[in-house]
Ligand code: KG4
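In the block that follows, a single chain appears as structure tokens, in the form predicted alone.
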Amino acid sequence: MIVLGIETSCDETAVALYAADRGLLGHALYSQIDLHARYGGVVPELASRDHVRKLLPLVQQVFDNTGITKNEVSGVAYTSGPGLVGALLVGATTGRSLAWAWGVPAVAIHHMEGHLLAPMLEPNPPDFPFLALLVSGGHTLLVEVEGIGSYRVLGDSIDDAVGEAFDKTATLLGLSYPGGPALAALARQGTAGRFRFPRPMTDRPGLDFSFSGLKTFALNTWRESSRSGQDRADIAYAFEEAVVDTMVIKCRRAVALTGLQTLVIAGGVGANQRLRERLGELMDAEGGRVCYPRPEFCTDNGAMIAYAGYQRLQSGQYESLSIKAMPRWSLEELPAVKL
């Protein structure tokens, strides 16, 4: 079985081919960073139009690079949600139409399930069950994973997602878009201990997150500072430390609650090196293990969608001719897959 995966949930157009017997055959990605940078964030209408322009050429590129033909494709998987509805519709209509034209089944994939399963593409993948921290521009979730499609959300963000908080704080510090990597790079030049930011919602029970207050705290600290280059770096350092420390505290609680010894970190913020260091230290102290996808599969990509699609198609799941695009979609609504 060879599955074509399509990802268009936000500002990356991505395509991949996954084979049951050979694994990932190839993938391609086009990032819209340059398109949206002048606006300081993603403009949904521009994102949708760019997906229309780039998607089919990327499909052809992956076919050309791998030597696979459309006649060898056994199914098509596309991101159905959550995400920007216009962007989702581009991938969903294209994926469903290609499947119909080729006479193969199609399956709608949950974007965050794709991120959850991205570490399965690595040489030493995690075993079920495991605990997952999903951290991206749109989501901050702690999830107990029993198997594919068997998810229990333990904690969620009640306001800004962690990636959104990084981007907004970077913007107020005058950094380039996307802000997360720029802020992390600047933080490496910062001085420890000069500024102390709060660790939100860690003084009460529970596993939910809140990052909007940290963004406000950073803004007030910046306004009260001399606004020198060192101030900017020190505030970036204090902000990153507060975010990372908060997530480590919540993960420690989740490990204690579930008793799980494997922690998966996925999503774009999962590429943050400070977060990886601290969570690695946490799981070493717990006698457990932490797993990540490779950096190129932390951000949105087609490989994770192709893999998730393979798992669901081989279990017999497929869609009708209707086109599914769901900008809001809970992980807990997904049907379980029996391996």
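What you are looking at is a predicted structure, and each value in this text was computed from that prediction instead of being measured. Numbering starts at 1 and follows the sequence shown.
The next section is about a form of this same protein that is not shown, the form predicted together with this ligand.
Checking L279, C291, V62, A271 for any heavy atom within 4.5 Å of this ligand in the model of the complex turns up a single hit: A271. P178 is the sole member of P119, G75, G114, P178 with a non-hydrogen atom lying within 4.5 angstroms of this ligand in the model of the complex. Residue contact check for A184: one or more of its heavy atoms lie within 4.5 Å of this ligand in the model of the complex. Although the partner is absent here, P126 lies well away from this ligand in the model of the complex, with no heavy atom inside 4.5 Å. By the criterion of a heavy atom within 4.5 Å, S80 is excluded from the residues contacting this ligand in the model of the complex. The closest non-hydrogen atom of L55 lies beyond 4.5 Å of this ligand in the model of the complex. Picking from 63-71, 39-47, 305-313, 292-300 the stretch near this ligand in the model of the complex, with a 4.5 Å limit on heavy atoms, gives 292-300. In the model of the complex, S136, G137, G138 are the residues of 120-154 with at least one heavy atom within 4.5 Å of this ligand, listed from first to last.
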